[in-house]
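Have a look below at one chain only, the form predicted on its own, in structure tokens format.
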């Protein structure tokens, strides 16, 4: 192949590799800056200048700009004239290594309030009955709550509770009290264990409207089956968290 044609092919390939390398570096930098945002690493919520960030992390200004664009797209940052790049959305830490209600988990970060959208008996769908150890179509108490932290929508919780326990919840203060605390009071037992599954799903039209999130936005779906200390399952929940307002964390120990 003539040298001219080799150069014609080499230049676009090299340029594409440089763009790909910069994009990789931008993602890596965005991960580090996101951690700083989540842990309060920027005093006053204002980020350093782009040049200072580039110097600290030894990357080009273009890479810094791409990383900041990624975090702006996530809704974490915003560019304000005369101020610079500032943090506009805080992510709250939700631990996965203790069995707690939302108000207990986030008590250091403000007030959790519940908007009870639905509460009442319904026939248990087959998957719900199976998880709760009930006969199919047995009545369960169904509760749907929009949960807010400091007034901002945080999660949409769908809860199923066996009716012999759930009947006692009707008339309780579900707007200001975690269901976990009420269950322990009603049963006279402490909660024991919970099986959890955590995955990302796209918000459906209803969930997006209730959570005031864009339609199709990614939400964190936590499925949790909680049992009493005697092993009886009493609470099956499907919880949709706004992914831009919550960060799941935990301490894991390696065992062989």
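Numbering follows the first chain given and starts at 1. None of the values given here were measured: they were computed from a predicted structure.
From this point on, the text means the form predicted together with another copy of the chain, which you will not see here.
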>> Residue-level question: is residue 158 within 4.5 Å of another copy of the chain in the predicted bound form, judged on heavy atoms?
In response: yes
> Applying a 4.5 Å heavy atom distance criterion, does residue 38 contact another copy of the chain in the predicted bound form?
Replying inline: yes
> Counting only non-hydrogen atoms and a 4.5 angstroms cut-off, does residue 62 reach another copy of the chain in the predicted bound form?
Replying inline: no
> Any of the heavy atoms of residue 223 lying within 4.5 Å of another copy of the chain in the predicted bound form?
Replying inline: yes
> So in the predicted bound form, are 148, 151 and 154 all sitting within 4.5 Å of another copy of the chain, heavy atoms only?
Replying inline: no
>> If the cut-off is 4.5 angstroms on heavy atoms, which of these, 96, 134, 112, 169, is the one near another copy of the chain in the predicted bound form?
In response: 96
>> Going through 80 to 95, which residues have a heavy atom within 4.5 Å of another copy of the chain in the predicted bound form? Please give them in sequence order.
In response: 91
